[in-house]
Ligand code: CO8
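Coming up is one lone chain in structure tokens, specifically the form predicted on its own.
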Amino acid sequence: MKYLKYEFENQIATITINRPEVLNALNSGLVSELDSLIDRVIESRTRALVIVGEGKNFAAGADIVEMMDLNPAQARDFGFSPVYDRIEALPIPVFAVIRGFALGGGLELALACDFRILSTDAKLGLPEIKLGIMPGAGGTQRLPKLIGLGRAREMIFFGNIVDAQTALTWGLCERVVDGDPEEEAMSMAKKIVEKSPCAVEAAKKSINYGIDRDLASGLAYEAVVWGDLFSTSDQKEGMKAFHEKRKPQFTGK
């Protein structure tokens, strides 16, 4: 791969955006590689995915040079949303490790992840309005659900960039760490690997289903998915281990 690096160890996959010379700006080739790696993640026994940027930044938006002369049809084809949607739909938890800038399409990539773990120097924003466009890879949809309409409008309409502490206060990230945010994300991922893959997948499916629906529909879906877990070996093992006061050995079946 030209733009990404991939590692897999202890059932945790790591994808590294590897364009530090341009602050890890995203282009169509990079997103195409990301799409291919999602296939690899699905086919493997991956239990958690960590996405990180090489060097001092996560991803400073899309490559403007590549977009400058696009017409509307080309712009729609250039869009990153289909790949980001696949990341959000993965049955495993996905962590975005953010150092430095996560702007534009870079922040939209992070918004498609389940967790955003920040360093204290992180800067997050959707500055597309300053280029005569708007966020086009989920920013206008996912950001309001995380931080509320008012704050999302302020970030999008003004193109404001927020610091790590503001992101934490607003609910735009889950953790801000003084040390290495990748170590924190890996520590969290390792804890998830110890859990039942069946239960984690079911929980993520239920959350994603209910977020866009009314409470009654979400509750009905949750009840079905919860009940289905009682057909799994993981449920039998988890409850038996609890009863026997020992650590469960989950198999994902």
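Numbers follow the displayed sequence, beginning with 1. These figures come from a predicted structure and were not determined experimentally.
The same protein also has a form predicted together with the named molecule, omitted here; what follows describes it.
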* Hey, in the predicted complex, is L23 touching the named molecule, heavy atoms inside 4.5 Å? -> yes
* Is F95 one of the residues lying within 4.5 Å of the named molecule in the predicted complex, judged by heavy atom distances? -> no
* Asked: Is there a heavy atom of A189 lying 4.5 Å or less from a heavy atom of the named molecule in the predicted complex?
  -> no
* Quick one: is A60 in contact with the named molecule in the predicted complex, heavy atoms, 4.5 Å cut-off? -> yes
* To do: Mind telling me which stretch in 145 to 153, 100 to 108, 114 to 122, 178 to 186 gets its heavy atoms within 4.5 Å of the named molecule in the predicted complex?
  => 100 to 108
* Asked: At 4.5 angstroms, heavy atoms only, are M67, P127 and I133 all close to the named molecule in the predicted complex?
  -> yes
* Asked: Heavy atom within 4.5 Å of the named molecule in the predicted complex: which residues of 168 to 201 qualify?
  -> none
